[in-house]
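Next up: a single chain in structure tokens, the form predicted alone.
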Amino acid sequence: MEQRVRVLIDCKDKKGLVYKISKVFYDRDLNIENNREFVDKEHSKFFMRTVVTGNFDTKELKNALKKVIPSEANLQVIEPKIKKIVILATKESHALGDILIRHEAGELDANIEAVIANHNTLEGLVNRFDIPFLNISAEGLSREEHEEKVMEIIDRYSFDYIVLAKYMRILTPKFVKNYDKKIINIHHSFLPAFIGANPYKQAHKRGVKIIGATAHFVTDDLDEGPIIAQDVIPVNHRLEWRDMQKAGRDVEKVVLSRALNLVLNDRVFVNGNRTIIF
């Protein structure tokens, strides 16, 4: 029976890697449907993503690949499947609503296991899509106490990624470490960048000419994790700050969707604080 797998390789660069890896596929009469590779010359690192089809034993293929790549290599042989996500939200509906609609339309390569929020504002929206909604209020709790409750709920589910759909709470190092390279965030990004309350009003006062958004993996460095996707749109003096806010939210939705599509299809390699996107 014909199978399809994604082979992901991340290792120290060595002469002949592409030849040796391709020969493993050729010797097993496998068809390479798609192949991309990249060498980070500065750090002498090799990255490769290959989609192969054919009749083979996955375990045997993986063992054969291990023999031709460096011993410390990160190797994954992944059978394509629908992944699972858990979403964290607060009060803003635009990013969450877009994900829910894409999921309902079959455009999201993931099943949504649950939506967890620290307010109940979005419960009605989520209920329309027949997805579990859990409100874990932070009132009267320290950040650590609230996160313990959130993590207890998250860990009830089998999931691949946690998506912060405008979840407006700063995560502690413990939370980030528990779900290393599994948390995806979306936030506005301006040139210059504006922090604090109402960034769109700040941007309007400064007369910015572009507004945009960035999706990234979450690390302990606030909003500085490896970037997955970005986009910007031009704005001008005719727009009031509320118009900028509306346009910015549209960009956020598109960028988050693009980032999710890349991650869910195993197209993203983390390389230090950068990403390699195939």
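Keep in mind it's a predicted model, so treat the numbers as computed, not measured. For every residue, the number given is its place in the sequence shown, counted from 1. Superpose the two forms; the largest set of C-alphas matching within 1.5 Å is the rigid core.
One more form of this protein, predicted in complex with another copy of the chain, exists but is not displayed; see below.
Undergrad: Which residue among H237, R242, K67, K59 has a heavy atom within 4.5 angstroms of another copy of the chain in the predicted complex?
TA: Spelling it out, the residue with a heavy atom inside the cut-off is H237.
Undergrad: Check whether G140 has any heavy atom within 4.5 Å of a heavy atom of another copy of the chain in the predicted complex, and answer yes or no.
TA: No, G140 sits far enough from another copy of the chain in the predicted complex that none of its heavy atoms falls within 4.5 Å.
Undergrad: Find out whether any non-hydrogen atom of L30 is located within 4.5 angstroms of another copy of the chain in the predicted complex, and reply yes or no.
TA: Within the cut-off, so yes.
Undergrad: Would L164 count as touching another copy of the chain in the predicted complex under a 4.5 Å heavy atom rule?
TA: Outside the cut-off, so no.
Undergrad: May I ask you to state whether R102 is within 4.5 Å of another copy of the chain in the predicted complex, using heavy atom distances?
TA: Looking in the predicted complex, residue contacts with another copy of the chain include R102, since a heavy atom lies within 4.5 Å.
Undergrad: Counting only heavy atoms and a 4.5 Å cutoff, which of 68-76, 105-113, 153-161, 170-178 contacts another copy of the chain in the predicted complex?
TA: Of the stretches listed, the one contacting the partner is 105-113.
Undergrad: Just give me the residues of 194-209, first to last, that have a heavy atom within 4.5 Å of another copy of the chain in the predicted complex.
TA: Read in sequence order, the residues that approach another copy of the chain (within 4.5 Å, in the predicted complex) are F194, H204, K205, R206, G207, V208, K209.
Undergrad: Taking the rigid core as reference, does the Cα of H119 move 2 Å or more between the shown form and the other one?
TA: Where the cores coincide, H119 shows only a C-alpha shift between the shown form and the other one that is less than 2 Å.
Undergrad: Aligned on the rigid core, do the two forms place the Cα of N178 2 Å or more apart, comparing between the shown form and the other one?
TA: For N178, whose C-alpha is compared between the shown form and the other one after core superposition, the shift is less than 2 Å.
Undergrad: Compare the position of the CA of K201 between the shown form and the other one after a rigid core fit and state whether the shift reaches 2 Å.
TA: Shift at K201: 2 Å or more after core fit.
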